[in-house]
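Presented as structure tokens, the chain that follows is alone, the form predicted on its own.
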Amino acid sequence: MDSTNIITIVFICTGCFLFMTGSIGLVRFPDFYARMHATGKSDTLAVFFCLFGLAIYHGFTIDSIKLFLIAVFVFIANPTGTHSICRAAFRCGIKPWVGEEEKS
């Protein structure tokens, strides 16, 4: 195995780990906004790491340039979409979770 394959494996495994943590956050967090935060942050980085790993694997070709441009687009569009969905949810009346009330 050469260093290119090792670097590719590291990037793709990191992306898969981030996808997994985002999925766990989607299931475990208490409200809509926390779930959107978990999936928005982790999925953006996961896609970036996976696409960057694939671009390294292909070497410097037109395919790697296309993968890099897709990664940049996702890196810009995914947080913007997450913010828009959260803002629309807040305007529609979905209240944030504030925690458990203390029992006296």
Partner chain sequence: MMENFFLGAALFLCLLVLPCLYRAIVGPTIIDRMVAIGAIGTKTLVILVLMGFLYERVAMFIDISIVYALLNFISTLAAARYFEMKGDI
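These numbers come from a predicted model, not from an experiment. Numbering follows the first chain given and starts at 1.
In what follows, reference is made to the form predicted in complex with its partner chain, a form of this protein that is not presented.
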Quiz item: Closest heavy atom of Lys95 to its partner chain in the model of the complex, within 4.5 Å or not?
Solution: no
Quiz item: Is Phe60 close to its partner chain in the model of the complex, meaning a heavy atom pair under 4.5 Å apart or at it?
Solution: no
Quiz item: Is Val72 one of the residues lying within 4.5 Å of its partner chain in the model of the complex, judged by heavy atom distances?
Solution: no
Exercise. Classify Lys41 as contacting or not contacting its partner chain in the model of the complex by the rule of any non-hydrogen atom within 4.5 angstroms, answering yes or no.
Key: no
Practice problem: Give, in sequence order, every residue of 53-85 that has a heavy atom within 4.5 Å of its partner chain in the model of the complex, or say none if there are no such residues. | Solution: Leu54, Tyr57, His58, Asp63, Lys66, Leu67, Ile70, Phe73, Val74, Ala77, Asn78, Thr80, Gly81, Ser84, Ile85
